[in-house]
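Two forms of the same protein chain are encoded below as structure tokens; each is given separately, as structure 1 and structure 2.
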Structure 1
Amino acid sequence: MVVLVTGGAGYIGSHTVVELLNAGHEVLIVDDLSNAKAEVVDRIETITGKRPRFCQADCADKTAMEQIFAANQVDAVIHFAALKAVGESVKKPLSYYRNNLDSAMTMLEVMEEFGCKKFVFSSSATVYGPNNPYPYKEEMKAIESSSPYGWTKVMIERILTDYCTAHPDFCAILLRYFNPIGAHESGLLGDDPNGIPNNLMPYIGRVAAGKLEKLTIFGGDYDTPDGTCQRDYLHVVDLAVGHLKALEFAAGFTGVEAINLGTGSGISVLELVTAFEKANSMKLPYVIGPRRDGDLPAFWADASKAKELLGWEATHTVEDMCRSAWNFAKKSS
């Protein structure tokens, strides 16, 4: 199968490309490199012994996408490309709505034009919004969010649901995943964003490597056991395997299906910091700062549907996540 992976040079995308190549699929990466690096393609080849095709392009550029589809027989699309920082989205809502909605709709239009009918969407637990109780279950209403970033995911899920209603032979898998951290065991791939990281683990890695002075934890007065936010952290390789499993499921499925990818348990920010220190035998300087716009106090997944439909469940421990993240941070520092 030829799989087009938008945002495939990014953090989750690159790990997913590795799993796809190792499973025997051909992969075409489309990435504008706005938050990724071109050398990631070389690193994927080093890990797998196979080189994915790569096109530097904005997947909201319809002309460019039509040219790519015309030159390649694409059987399925895994769509990662999006702006993804919750706090930034509150400050720059128009950028998030324009980028995230345009890229998804352009991709669907071009897929329709070229008869491609399998779509795996990188959604998010943020679609459950601020009012659903946790653990989050797929049958809960996913029609709210606490940030513009999350609203783009809600809207795209709605677009895909309506599209599947209009095109009964189309398949859209909505992977609602939680908080991926960690890195590939080789240390060649990991979360290495441009500028100051918005996500917790790459921030921790840069503090541990001495690139940043200290870690700022956003909020210490939430209604949680230690006052810091609780999240369902899962290893990025487990998440990547989930996308491979979703693609396999999509081969025999039409319609739309939402599936959580998480561990099923919550860990606080302070607990994660402590786990990182223990796993890597170090101490991290940190301070408690003000709350960040758009953050919820706590949530985690009910991941039973993923096990039932995909035969998938998370296998890596928190210590595995912390050790692999530091291994990558050391090698990239």
Structure 2
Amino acid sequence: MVVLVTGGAGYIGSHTVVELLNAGHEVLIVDDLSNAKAEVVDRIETITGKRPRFCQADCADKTAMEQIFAANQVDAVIHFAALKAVGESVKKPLSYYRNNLDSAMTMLEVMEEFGCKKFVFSSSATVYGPNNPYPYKEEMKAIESSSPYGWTKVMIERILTDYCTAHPDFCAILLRYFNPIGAHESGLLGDDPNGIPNNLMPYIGRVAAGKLEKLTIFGGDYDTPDGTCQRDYLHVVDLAVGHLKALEFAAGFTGVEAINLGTGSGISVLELVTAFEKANSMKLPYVIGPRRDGDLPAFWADASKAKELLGWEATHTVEDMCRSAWNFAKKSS
């Protein structure tokens, strides 16, 4: 299958491209490198022995996308490309709505023009909003979020649902990721955000590498077993494999299907810190600070639908996640 992977040079995209190439698919990456480096393509080649085609372009650029589709027989699109920083989206809502909505709609328009009918979308647990009980199940209402970033996911899910109603032969799989962490075992691919990380694991990696002084745990007084927030952390390689399974499922499916990708259980910030220390035989300096605005105390996935429909479940342990994250962070520091 020829798979166009938008945002394929990014964190989750690059790991997914590795799995696609290893499974024998042909891959075409479209990435504008707004949050990735071109050398990721070399690293993917080093890992897999195969070089994916790469086009540096904005996938909201319709002419550029039409040229790509005209030159390649694309069978399916996995759409990772998006801006993803929750806090930044509150400060720059227009950039987020413009980039995330335009890129998704442009891909759909061009796919329609060229008769491509399989679309796998990077959605997020954020679409469950602040009011659903956990574990989150796909049949719950997923119609609100707490940031402009999150609203782009809610809106694109809606657009895809309406599009599938209008085009019954189209297939859209909405993959709702929980908290991906960890890195490829080679240490060549991982999560390496620009500037000071917002997300927990890249922040821990910088503290472990001595680039940041200490971790501040946001809130120690939540109504959870140890007072810190609980999340469903899953290994990015498991998440990447989930995309492969979604493509296989999409081959025989039409319509829209939302599927959680998580482990099905939550651990706390303190538990993750302790697991990181143990897995990597080190001590992490941390303090408990005030709560961060907008954080929910706890949530995790009901992961049974992914198992039932895709035959997918997470296989990596928290220790695997912590070891691989450090293996990447120390090499990239």
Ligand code: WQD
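For the two forms, the rigid core is made up of the largest set of C-alpha atoms that agree within 1.5 Å on superposition. Here, a residue number simply tells you its place in the sequence of structure 1, counted from 1. Note that the structure is a prediction, hence the values are computed from the model and not measured.
*Asks:* Mark the structure, either 1 or 2, that is the form predicted in complex with this ligand.
*Replies:* The form predicted in complex with this ligand is the one given as structure 2; the other form is structure 1.
*Asks:* After a rigid core superposition, would you say the CA of residue 42 moves by 2 angstroms or more between structures 1 and 2, or not?
*Replies:* No, shifts by less than 2 Å.
*Asks:* After the core is overlaid between structures 1 and 2, has the C-alpha of residue 33 moved by 2 angstroms or more?
*Replies:* No, the C-alpha position differs by under 2 Å between structures 1 and 2.
*Asks:* Checking residue 302 here: with the core superposed, does its CA move 2 Å or more between structures 1 and 2?
*Replies:* Comparing the forms between structures 1 and 2, which are aligned on their rigid core, residue 302 does not shift its C-alpha by 2 Å or more.
*Asks:* Cα shift of residue 290 between structures 1 and 2 after core superposition, in Å?
*Replies:* C-alpha displacement of residue 290 between structures 1 and 2: 3.7 Å.
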